[in-house]
Structures are given as structure tokens and as C-alpha cells.
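A lone chain, given as C-alpha cells: the form predicted on its own.
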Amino acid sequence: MSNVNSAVIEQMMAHQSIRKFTDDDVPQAMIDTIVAAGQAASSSSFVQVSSVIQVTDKAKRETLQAASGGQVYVGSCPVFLVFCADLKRNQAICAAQGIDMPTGFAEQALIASIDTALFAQNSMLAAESLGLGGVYIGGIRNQPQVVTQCLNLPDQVVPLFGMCLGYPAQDPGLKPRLPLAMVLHQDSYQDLDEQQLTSYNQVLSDYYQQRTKGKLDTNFSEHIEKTLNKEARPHMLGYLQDQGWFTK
């Protein structure tokens, strides 16, 4: 990789998932700034189809912790945000003008999901630039209906993931990513390079052994086999359709 660099790139390359936080409070003004930075992300056709719910209520936090598979940091982190793909707001804007906005299209769902992910990544980068750390919580999709009821989400609004934020109380180390040559293709798609994969498997195995002091010995190929060789939240399609998505 070239030596082209900047403070922003250094911040991005230093990203770690943080699951342990100090007891220090995060000022609301900082949270507001983080979410505003998220809003600055690109928005397809400028439709702005994302909403963020900051959850401070203890009982709601406990519900979301249980719904996300018992991840304790969901309940204990200083800041917990739920990023929602929100088509309801624009539907209401159209209705106020006497227009019945068409819904249910797969493209709408893709736009809302992609834009919300861009929004969230901007927010995470902003938080890290202010000295915070965090982790995404896709586990809220384990029980999306529970999350929907907990947060009083209407139809056309889908909770995509949560985000824990706070001042880091751990330094887990950078997790090695795939070699750039396996990700950056030139002009056309390239088949899997087994030699590069073998090398990366060793790098990741060494990382896990060092991080866990020998308690975990696995590599990327084993991780993929374990993670993807099973059903992936099959309840999601029915839930999304109940919320008015993917009907067309």
C-alpha cells in the first residue's frame, strides 16, 4: 500500500470494535454532533430515509439487550443508538400533499438500508474522532418485532442495527482485514486466489491466538464456514413484509 495518508485515513484505519466502556458520561451536545455528522453522509436522490433513536430508558435498554442475544454492553454502554431505515416520514410528507406514495418496492428497501449504513458509518467515524469507541449491534435483528414494539416503530420503519458508544475501557487491537488484492478487482471480477487466502488464514489465526492468549485458534476460512453455513435470520423476510417492505 502507498504512503498516501491523512489524519482522516489514520482515524479510519485505527478502527476497533469497543465493547467495554468507562463510566464517564458522554455529553448530549457530543451525541448531537455525532448524529449531525451522520446526516452529512450521501443520500440517494436526497430522500434522507434514516432515523436514529437514542435509548436512555433503563427498561427499554434491558429489553433491547435481551432481544439482541443478551449482549450486556447494550444495557450498560453510556450511549445506545438504534439506526432505522425510515420510509414513513416521506410517506407522511407525500400524504400531507395529497399524494399516496407507492411503497413495497425492493429498490426502496435497498436505498433506505444503504443510506442508513452510510449515515451510521459517518457517525461512528465522528465518534471515534472525538475519543469515543463503539460497536455495531446487528443482534437487534434477532427479535425485530420486539424491538419494533419497544421503540414504537410504525410500518415502513425498520431497525437495522444498534450502536454502543462511550469512552473505551479496552484496546483489543486491530483485526487484520483481507489483503487489498483480494478485494480490489481491476476491470472485471477475479476468482479467489487460494495462495493469498492461505496467507491471510495464517495472519488471522495468529491474531486470534495472540488476542485470546491461545484460547481461540481459528482462521478466516473456518470462520466463514461456521458463520455462513446456517440459516441467516429466516424470520426477517416475514418481518420486513409485515412492515410494508419487499412486497413488490
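In case it trips you up, residue 1 is the first one in the sequence shown, and so on. On a predicted model such as this, the values are computed, not experimentally measured, just so you know.
We do not show the form predicted in complex with another copy of the chain, though everything after this point is about it.
Problem set entry | Glu222 within 4.5 Å of another copy of the chain in the predicted bound form, heavy atoms | Close contact exists here: in the predicted bound form, Glu222 approaches another copy of the chain to within 4.5 Å, heavy atoms only.
Exercise. Contact between Asn90 and another copy of the chain in the predicted bound form at 4.5 Å, heavy atoms?
Worked result: Yes, Asn90 lies within 4.5 Å of another copy of the chain in the predicted bound form.
Exercise. With the cut-off set at 4.5 Å between non-hydrogen atoms, does Ala169 touch another copy of the chain in the predicted bound form?
Worked result: Answer no; every heavy atom of Ala169 is more than 4.5 Å from another copy of the chain in the predicted bound form.
For this session: Please run the contact check for Pro78 against another copy of the chain in the predicted bound form: heavy atoms, 4.5 angstroms, yes or no?
Result: Flag for Pro78 set to no.
Problem set entry | Interface residues of 216-241 toward another copy of the chain, as seen in the predicted bound form [heavy atoms, 4.5 Å] | Those in contact are Phe220, Ser221, Glu222, His223, Ile224, Glu225, Thr227, Leu228, Asn229, Lys230, Glu231, Ala232, Arg233, Pro234, Met236, Leu237, Leu240.
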